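Next comes just one chain, in structure tokens: the form predicted on its own.
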């Protein structure tokens, strides 16, 4: 089984910066030196970003909290994925990320990254989509997150429960529950009525930068077979899957983190 520990943790390598993007408080974690790597997180941030620490040895890593998640503010005016694309473009402008961005998007953030790459490919150098959401695959459908009981959700996220256990309180307190409710409310504004994008199948061919798809083979939320569906739509896209890993493949497999770094280098 692959080693799952890292040499550094997120708290020791990332500093927190607060920006105002179109009137919305936006918190960004930044660390490292080198070419820019931006990571778009998924629909939950309770498990943190320890996995990203090794990337700071090669890149300047930016991890923004999307509006409605983590320490960033809420923006009820964001009602579809394109709103998030516009938010991130303004964020990129403030960070002076005009060209050469290595963009990594996970799950909900993968959908977000794909939409941005379709429309603004000239800003990017390379793209990595980690178990991205948003694409309807009739042969390999994903789970409906709004129907999964909260107590079962961890088993949909990881193959090895020990990986996520340290991030889960034994007795969830009101703050933890409120944060999860806030995240789900934010996701619902985007995906309740439209869990899939009709734009992706039509326009993914516009992604012209080298692209890697990363997936855990025990992903119960979005089956890893969906990687091939994405790869057929993105010209030249490569696929790497990892055994003994669920949806949080970057948390479970250090070799997946290394594969992303190697591809982006």
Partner chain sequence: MSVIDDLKFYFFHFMPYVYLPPAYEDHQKYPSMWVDFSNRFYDPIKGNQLYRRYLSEMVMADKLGYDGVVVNEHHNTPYSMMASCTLIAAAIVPQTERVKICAYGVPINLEFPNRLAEEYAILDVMSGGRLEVAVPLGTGMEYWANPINPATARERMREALEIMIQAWTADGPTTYTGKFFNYRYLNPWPRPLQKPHPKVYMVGVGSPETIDMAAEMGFGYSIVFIPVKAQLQVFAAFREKAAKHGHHLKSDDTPIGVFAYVAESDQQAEREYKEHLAFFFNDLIRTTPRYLAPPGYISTEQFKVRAASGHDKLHGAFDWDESIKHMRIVAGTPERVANEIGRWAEEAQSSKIICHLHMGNMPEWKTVKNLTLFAEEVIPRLRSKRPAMSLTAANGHELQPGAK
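Because the structure is a prediction, the values reported are computed rather than measured. Numbering follows the first chain given and starts at 1.
Just so it is clear, the following notes concern the form predicted together with the partner chain, a form of the same protein that is not shown.
In the predicted bound form, residue 139 stays away from the partner chain, with no heavy atom inside 4.5 Å. Put simply, residue 77 is close to the partner chain in the predicted bound form: some heavy atom of it is within 4.5 Å. When contacts are judged by a 4.5 Å heavy atom cut-off, residue 94 does not count as touching the partner chain in the predicted bound form. Residue contact check for residue 193: one or more of its heavy atoms lie within 4.5 Å of the partner chain in the predicted bound form. Residue heavy atoms within 4.5 Å of the partner chain in the predicted bound form occur in exactly one stretch of 160-168, 108-116, 142-150, 126-134, and that stretch is 142-150. Heavy atoms closer than or equal to 4.5 Å to the partner chain in the predicted bound form belong, across 155-186, to the residues 174, 175, 177, 178, 181, 182, 184, 185, ordered by sequence position.
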